[in-house]
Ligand code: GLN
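Below you'll find only one chain, the form predicted on its own, shown as structure tokens.
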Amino acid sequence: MTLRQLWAEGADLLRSAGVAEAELDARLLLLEAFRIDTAHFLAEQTRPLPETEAVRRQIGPYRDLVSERARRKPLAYILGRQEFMGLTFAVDERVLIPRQDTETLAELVLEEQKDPGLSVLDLCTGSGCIAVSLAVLGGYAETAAADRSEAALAVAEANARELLDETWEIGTWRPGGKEKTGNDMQDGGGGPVSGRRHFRLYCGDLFEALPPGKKYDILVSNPPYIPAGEISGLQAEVRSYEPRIALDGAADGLAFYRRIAAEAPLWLRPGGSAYLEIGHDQAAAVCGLLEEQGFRQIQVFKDLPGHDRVVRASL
């Protein structure tokens, strides 16, 4: 038995299960099970594997991983991680898997909003991929991430603590009061360390999660936007494994956009901007909702495949 034969075996099983990228997924699972990199695989793939107990303890888990993928469990959930904006985020079935399409939003914010003194609010943060990426790459003075799912917020918090360095003061607030956790940093007087940047996580339903009176310069969100009736027709990986709470945008998919458009002016500073990820056919509707609430300079941006993906608007 060789690594190449194991790879082919896995790819055949995944192909028969209808997995779109069967060969790629089988190879990635093989690398994971054998704890090797691509270079090692390419160099060793045709050499017979030694018939040792150690190798058998790698072949078994590999076949188990392939079986999981054949049941259409997403690769990111099996591996427990997903790349986004050059960073590695922990993910599991509590959160939506970060997608390359969403990088369009993060890249646009970083391109247009270069002042590190600005504050950012990310609604429906999920894994925290947008908020943490903007904090790391934009270095903004304050970043807030909110989600109504406590389970999702726990994933976002773990990612923030893994990816943000010691220059950040991280705090988490949940229903019933403020809860300070982990590496929150304080000076001798009990207040935040001066000069530190702030990353805040809030649990609650959209703006209801936030402390009264807060104002932000930038609002970003990738809210649930799939019409409820269309979820059953999504890929098996999505409809069977990803959290419905992160997908379901009610009957027409626009429920969260209506609320964000209506309430955002109360939470954005004058001149502040909103960046919203949208479904490919929702640009006109979302632009209309924002215009009704007094937003201006409304513009639609496309993702790499050429689909409408982000609406940007300013007050």
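Since we're looking at a predicted model, the values are computed, not measured. The numbering used is simple: start at 1 and walk along the sequence shown.
The discussion below concerns the form predicted in complex with the ligand, not included here.
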query	finding
Contact residue in the predicted bound form, from 255, 246, 36, 283 (heavy atom within 4.5 Å of the ligand)	246
In the predicted bound form, the residue from 124, 153, 209, 134 that sits within 4.5 Å of the ligand by heavy atoms	124
Per-stretch contact check against the ligand in the predicted bound form, the hit in 135 to 143, 75 to 83, 196 to 204, 95 to 103 (non-hydrogen atom, 4.5 angstroms)	95 to 103
Close approach of residue 227 to the ligand in the predicted bound form, 4.5 Å, heavy atom	no
Non-hydrogen atom contact residue 222 with the ligand in the predicted bound form at 4.5 angstroms	yes
The ligand in the predicted bound form - contacting residues of 130 to 145, heavy atom within 4.5 Å	130
